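Only one chain is included here, represented as structure tokens and corresponding to the form predicted on its own.
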């Protein structure tokens, strides 16, 4: 198995986390730095026509899009490591639902904020606006997490995992967590829980 990408990429990191949680050791990380144009090389474009990362090669299976890849990994290694899809079809449905929430709501909002804080000088008015939009998403999370330990239920899953790399960049690296967690104690507890997992610490060491 080959994973093309770079650990500091939020999307590649999402896949690495799934491999670590499933205790998969037999894979190779092939460094592809798209910022240096490496994704546009003809040999890479034959595998990933959009020229982006990550890309997974596993025998005759070639996959891109990180959320598709983590689903594949969770299914292939269902019998080992963390049960990232829960125990039954009802759990799986909830996991898939919250993966969609992450991709369609959380990810859109958090990337807007990351786009502001990662390019100094920071436009404070724009940051307030983007954090406000993310806060509305997190208000829904707060309500959900007041009833369950994790997003899909009382088990850690792909749904939680998919938030971790973008969440870390905004909440911790760019230190916006104290603002966003204010008045959202369940979101704060959830984040402190998932970001303390050994798999995540392993990823941070790679970064």
Partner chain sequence: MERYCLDCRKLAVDFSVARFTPLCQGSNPCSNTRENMKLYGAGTANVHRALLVLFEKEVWDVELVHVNLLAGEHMKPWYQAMQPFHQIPLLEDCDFRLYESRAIIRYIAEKYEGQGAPLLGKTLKERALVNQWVEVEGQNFFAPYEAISLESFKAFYFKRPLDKQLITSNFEKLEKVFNVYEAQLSRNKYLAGDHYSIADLVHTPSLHRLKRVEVDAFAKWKHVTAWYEDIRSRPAFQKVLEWDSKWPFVKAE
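Being a predicted model, the structure only gives us computed values, none of them experimental. Numbering follows the first chain given and starts at 1.
Below, we turn to the form predicted in complex with the partner chain, even though it does not appear here.
Looking at the partner-bound form in the predicted bound form, is residue 141 within 4.5 Å of the partner chain by any heavy atom?
Residue 141: contacts the partner chain in the predicted bound form.
With the cut-off set at 4.5 Å between non-hydrogen atoms, does residue 80 touch the partner chain in the predicted bound form?
Looking in the predicted bound form, residue contacts with the partner chain do not include residue 80, since no heavy atom lies within 4.5 Å.
Answer for residue 179 alone: is it within 4.5 Å of the partner chain in the predicted bound form, judged on heavy atom distances?
No - in the predicted bound form, heavy atoms of residue 179 and the partner chain never come within 4.5 Å of each other.
Check whether residue 125 has any heavy atom within 4.5 Å of a heavy atom of the partner chain in the predicted bound form, and answer yes or no.
Heavy-atom contact with the partner chain at 4.5 Å: absent for residue 125.
Thinking of 154, 166 and 193 as the candidate spot, does the partner chain come within 4.5 Å of a heavy atom on all of them in the predicted bound form?
Result no, not one residue of the spot touches the partner chain.
For the stretch 103 to 127, which residues lie within 4.5 Å of the partner chain in the predicted bound form by non-hydrogen atom distance?
Residues within 4.5 Å: 103, 104, 105, 107.
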